[in-house]
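As a starting point, one isolated chain is supplied in structure tokens, in the form predicted on its own.
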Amino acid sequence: MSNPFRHDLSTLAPAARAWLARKPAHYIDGAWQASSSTLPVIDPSSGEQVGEIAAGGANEVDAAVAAANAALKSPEWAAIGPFARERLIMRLVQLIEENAAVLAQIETVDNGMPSWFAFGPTIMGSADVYRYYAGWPTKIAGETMVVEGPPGAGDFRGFTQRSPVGVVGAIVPWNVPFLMAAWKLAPALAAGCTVVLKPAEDTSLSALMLASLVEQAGFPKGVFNVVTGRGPEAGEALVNHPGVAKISFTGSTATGRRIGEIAGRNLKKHTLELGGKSPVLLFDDARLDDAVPGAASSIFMNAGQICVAGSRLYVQGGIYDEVVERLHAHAASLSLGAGLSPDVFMGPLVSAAQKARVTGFLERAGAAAGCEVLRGAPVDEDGGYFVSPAIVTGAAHDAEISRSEVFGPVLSVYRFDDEDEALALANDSDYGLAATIWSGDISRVMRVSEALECGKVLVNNGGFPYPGLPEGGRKSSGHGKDLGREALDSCLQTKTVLIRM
């Protein structure tokens, strides 16, 4: 009998099995470059090695950046025009959709996410990101204006030009790797930039398959390059490289601060989407039949490994006990197991290190005075990186579990009395990525949404990213935006031209 907490790799499509068996290589200047240094690919459901990736460093990054800079100036890319860029991106969309099932399997085995999440929000959601940005190349334009010059100097006209910023160094995390790559790559390609992508060492397989699809789509060599490896070697080299014009990073606040320091010293453009400790405000006029599963989904989806996960739930006093009881029952009802099963809602965490981090938070919270840890559906503790969903009650607002990003299926629940207290508690955080309001009072919704110190507010829904709406945070959650027009603008530079007639 098969173990529901272990992936049965024999069920994979032949193409997915082939990707697991591929020899480690980087994708640089339109070619696969083999590597003698490797890192293991670990299946989070079992903790067992299922493949290898190349372990690159400064030499590989240097070659990739050189290729990207050459492509940036080549007529095959620089002179093809906006319609051709649109057609190339749309061809990539078509290839992603045609290969979505295989991409989803690769993402599930590499990351541990459930197959439904890999296929829908991740792979098909990524196709929508590329589709949205495919429409932008023909819309990029400067401005023209009449200029009043100095007296007697003559007539002048002025206009601005928009051009690609240059080579974009993209560094993406392990939680939703294919989608995060789309957030970086799509606006850069639409703007006419070239890209060097450094995926997380824990989840690099889908980035490599993406390179294969970019190649099939017909992009010129060097436009898109992938260097796999560890952050201190490959990532550090990419951030420090003088040939990179912009860094786009999603990941931890600590790493983001270091990247910001390096980029600032080198006067390099940078966009940072960092950690979160997002509050959820549940008022007593909310529909609990919607709010409770919505709040639970916000933190338990993808095992809590989502930047905007609602990890702090504030509940108005009169409904607090009922909400906690409902949440506990919901957590106990969740289907947990290996992600390839179509019936699984929540899979394992991505790595042994992440499991140890999350369980450490829970153990310390459970030992704290006044805290109670309520556990959801049981998991197989042997081998894989599973953690049962947890609800923490009674924690102080200055406790570690209340202040730090856990990045796991851990929901801390607190009581509040009125709107002013709810807002004060929600904003009392170093982070400012997202927030959620559950309320039937539209006046309250408008007041609270305006007062919340964050980059995104969800109202009466669990939320999802939409390509046309920007994503990004405030405070220790970073600066700059992914998605929307803002992401495109960050990949462009503006030049002013002043003409005497």
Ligand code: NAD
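Because the structure is predicted, anything quoted here is derived from the model rather than measured. For every residue, the number given is its place in the sequence shown, counted from 1.
Omitted here: the form predicted in complex with nicotinamide-adenine-dinucleotide (NAD). The next part is about that form.
(request) Sort through Gly366, Gly135, Gly394, Gly231 and report the residue having a heavy atom within 4.5 Å of nicotinamide-adenine-dinucleotide (NAD) in the model of the complex. (result) Among Gly366, Gly135, Gly394, Gly231, a heavy atom within 4.5 Å of nicotinamide-adenine-dinucleotide (NAD) in the model of the complex occurs only for Gly231.
(message) So nicotinamide-adenine-dinucleotide (NAD) isn't shown here. In the model of the complex, which residue out of Met209, Ala200, Val323, Ala181 has a non-hydrogen atom within 4.5 Å of it?
(response) Of Met209, Ala200, Val323, Ala181, the residue with a heavy atom within 4.5 Å of nicotinamide-adenine-dinucleotide (NAD) in the model of the complex is Ala200.
(message) Taking 4.5 angstroms as the heavy atom distance cut-off, pick the stretch from 422 to 430, 246 to 254, 366 to 374, 142 to 150 that is near nicotinamide-adenine-dinucleotide (NAD) in the model of the complex.
(response) Flagged stretch: 246 to 254.
(message) Check for me: heavy atom within 4.5 Å of nicotinamide-adenine-dinucleotide (NAD) in the model of the complex, for each of Met301, Leu336 and Leu411, yes or no.
(response) No, none of the three is in contact.
(message) Residue-level contact is defined here as any heavy atom of the residue lying within 4.5 Å of nicotinamide-adenine-dinucleotide (NAD) in the model of the complex; does Asp128 satisfy this criterion?
(response) Asp128: no, not in contact with nicotinamide-adenine-dinucleotide (NAD) in the model of the complex.
(message) Just checking whether Gly235 would be counted as a contact of nicotinamide-adenine-dinucleotide (NAD) in the model of the complex - the rule being heavy atoms within 4.5 angstroms.
(response) Gly235: contacts nicotinamide-adenine-dinucleotide (NAD) in the model of the complex.
(request) Spell out, yes or no, whether the shortest heavy atom distance between Glu86 and nicotinamide-adenine-dinucleotide (NAD) in the model of the complex is within 4.5 Å. (result) So Glu86 does not count as contacting nicotinamide-adenine-dinucleotide (NAD).
(request) Verify the contact flag for Gly276: yes if a non-hydrogen atom of it lies within 4.5 Å of a non-hydrogen atom of nicotinamide-adenine-dinucleotide (NAD) in the model of the complex, no if not. (result) Gly276: contacts nicotinamide-adenine-dinucleotide (NAD) in the model of the complex.
(message) Using a 4.5 Å cut-off on any heavy atom, which residues of 293 to 319 would contact nicotinamide-adenine-dinucleotide (NAD) in the model of the complex?
(response) Only a single residue, Cys307, comes within 4.5 Å of the partner.
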